[in-house]
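The chain below stands alone and is given in structure tokens; this is the form predicted alone.
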């Protein structure tokens, strides 16, 4: 319960920051701006920016330096969700219990809304780097930007593999590769940016990277489990679509029981890494448990 309260606190912080970047002015592209806002403010978990902030807080307290990157990574995540739902990819009608972007508006607007969020993310970071007067900090921010852009590239690669192998047999290696990129890349970047911005040591950066890669896989395994046996009312989207579309998931590849065992084993590995930071790692420890036990 305490962790949920803490999570809600950070979600509110991120939502307030995202609000600052919404475009409300009267203009010819007003509906496009509304479509971008519709998805960005639809009520997601905000796990990526929250992970970034809390990794930073392991090493330093004042996390404001991370905020532009937290905003940007959430914009990029929502760009990916809009495109993931499109008829040419997953063809989903609902997300977070609401119509998907292309259903609420139309397909062309949804494509452009996703493009707009991606570009806005880069604008946020570019402005932040240009405003930085300290050359050492500016270099740090450029490294963080490189992490972000590389993660976006890897996420798109993972999405391609997902679409390319739909309805086909896929090896265990390809399944892991797909999800390390499609789902894991932004989580990995979130954690690494938090560590980079806090001047964490090389050893700590490696540990945080390992933790993030593990929870990237646990997040996807749990998603696959929920997609197979979750509650549609809680999930806010239909259950069983992956099987209908012939998608290869951890559940279809390994079965429900083995997927749950894999989830438990990986979660324990993530917890062990978090515990090495003692009190400072408690949030990461609880986050790993939350990902394992969530119902949406």
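Everything quoted here is computed from the prediction, not taken from an experiment. Numbering follows the first chain given and starts at 1.
Beyond what is shown, the protein has a form predicted in complex with another copy of the chain; the following relates to that form.
Stretch-level contact check against another copy of the chain in the predicted complex with heavy atoms at 4.5 Å: of 190-198, 92-100, 119-127, 209-217, the positive one is 119-127. This chain lacks the partner; the member of 62, 29, 258, 231 within 4.5 angstroms of another copy of the chain in the predicted complex by a non-hydrogen atom is 29. Taking 170, 86, 205, 225 one by one, only a single residue has any non-hydrogen atom within 4.5 Å of another copy of the chain in the predicted complex, and it is 86. No residue in the set 249, 276 and 291 has a non-hydrogen atom no more than 4.5 Å from another copy of the chain in the predicted complex. Although the partner is absent here, residue 152 is a contact residue: one of its heavy atoms lies within 4.5 angstroms of another copy of the chain in the predicted complex. Remark: residue 78 does not count among the residues lining another copy of the chain in the predicted complex, judged by a heavy atom distance of 4.5 Å or less. Using a 4.5 Å cutoff between non-hydrogen atoms, residue 183 does not count as a contact of another copy of the chain in the predicted complex. Put simply, residue 163 is close to another copy of the chain in the predicted complex: some heavy atom of it is within 4.5 Å. Shown here without another copy of the chain, the chain has 130, 135, 138, 139, 142, 143, 145, 146, 149, 150, 152, 153, 154 in 130-154 lying with a heavy atom within 4.5 Å of that partner in the predicted complex.
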